[in-house]
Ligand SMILES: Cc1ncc(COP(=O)(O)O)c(C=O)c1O
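There is one chain below, alone, in structure tokens, taken in the form predicted alone.
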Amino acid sequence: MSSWTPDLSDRPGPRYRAIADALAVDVAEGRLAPGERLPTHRDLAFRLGVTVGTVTRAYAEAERRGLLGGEVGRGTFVLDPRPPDRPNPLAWHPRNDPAVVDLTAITPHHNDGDTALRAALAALAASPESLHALMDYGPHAGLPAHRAAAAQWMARRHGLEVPPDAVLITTGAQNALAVAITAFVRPGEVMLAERLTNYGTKALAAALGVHLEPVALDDDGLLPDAFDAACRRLAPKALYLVPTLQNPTASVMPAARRAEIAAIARRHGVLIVEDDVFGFLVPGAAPIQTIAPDITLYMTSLSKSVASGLRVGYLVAPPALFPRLEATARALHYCAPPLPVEIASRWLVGGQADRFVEVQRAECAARQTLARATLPSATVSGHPAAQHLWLVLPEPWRRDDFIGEARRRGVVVTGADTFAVGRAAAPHAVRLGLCMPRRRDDAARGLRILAEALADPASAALSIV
């Protein structure tokens, strides 16, 4: 057992947090090694002159940060701050290792975009005046032709009828979210989100100093009663949510609940930030923006439907809010780069993007069918049109143990804790990006490996927390 006794003399704030902070520093600087057993709660409390409850809370905080793990009867141990079987959720994962099936990200299936891109670039090269114009600064909200193409696309593929002057062009949905939050939520103010939410939203809120608070959800999405209670308790400025193919659970919110959420937001004066990047996969799922356009900032992108590398997104706002968003866009990125937006707009108008969408829908359906035929039915959750799948782990599997075992067998998945907001408890579940492998055969191989792991409960018992 380690004789670790941190020096807390220069650490302000609550003692439990000071202990956790000191532990983090000592792990990072190598004074505490992975696998080292820490003092008992009572022993460390005696050395520091604090209560046992303070040490218990400090160890719990350190465990939440991924620094410690405990096992009944064995004690508390230092964990590797980034074990090889726990991928960094912010990392870019190159698809160059044929031995590993990477299911960590939600990406569109590879289509014939290469051919379409060559054709678009050739057409631009044949028109030097057009090409020269695209190399200049554009309007902060985007070129009029690009905004018109976006409005037509959203009407055709997302069921959203808006005028072009309500559309602000962004560099993807993440940039649209950054513009929306920066414009309307100040540092220190509260924004609500589903208790399991897109990791990019968590990272952005933290970077902007916005306090992100979780709201409970079920198989149909955000719970109205929980949303109403959070509004009463926290007076939030905004609500971020993904009603269609929620990330990570892949649920689709029914129309009646969308109306109820909109009514609650209106009653409490809460701005809705609606993320509809997956809306093209579920025709007929009318966005909340169609119910409450005056209090909704609607955003989508072409990253899931056409090509993620274009980084083209759209932010729709009511007239009263648009000037503030446009000013914020100018401050953050001045304007979206006109060249990739021009390529995207040509595809939207020329029909190539519609063909890409049909490819995505067909491939998603095929891979969902494959997943549901391979994995135990009781573990599979989410809508069968999604690019991702929510895998609920059966007993005796725990989330971290399963992630590690899957990685040892050659499959990388993302655990539910990556998506948990704040200190909300994360379920024992993982998200599978079914379309990330370029080849369907590779996805099938990864799914078979996961099914074999689920059927081998002895592997779960071999893992040490």
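Numbering starts at 1 and runs along the sequence shown. In this text, all values refer to a predicted model and were calculated from it rather than measured experimentally.
There is another form of this protein, the form predicted in complex with this ligand, and it is not shown here; the text below is about that form.
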* To do: Look at the candidate spot formed by 20, 57 and 64 and say whether this ligand comes within 4.5 Å of a heavy atom in all three of them in the predicted complex.
  => no
* Wondering, does residue 298 line up within 4.5 Å of this ligand in the predicted complex on heavy atoms? -> no
* Is residue 240 close to this ligand in the predicted complex, meaning a heavy atom pair under 4.5 Å apart or at it? -> yes
* To do: Report yes if any heavy atom of residue 172 sits within 4.5 Å of a heavy atom of this ligand in the predicted complex; otherwise report no.
  => yes
* Asked: Heavy atom to heavy atom, is residue 158 within 4.5 Å of this ligand in the predicted complex?
  -> no
* To do: Name the stretch, out of 135-143, 231-239, 256-264, 299-307, where some heavy atom lies within 4.5 Å of this ligand in the predicted complex.
  => 299-307
* Structure fact -> Answer key: of 289, 251, 345, 198, within 4.5 Å of this ligand in the predicted complex (heavy atoms) is 198
* To do: Using heavy atoms only and a 4.5 Å cut-off, determine which of 361, 202, 211, 311 is in contact with this ligand in the predicted complex.
  => 311
* in the predicted complex, which residues of 116-136 put a heavy atom within 4.5 Å of this ligand? -> none
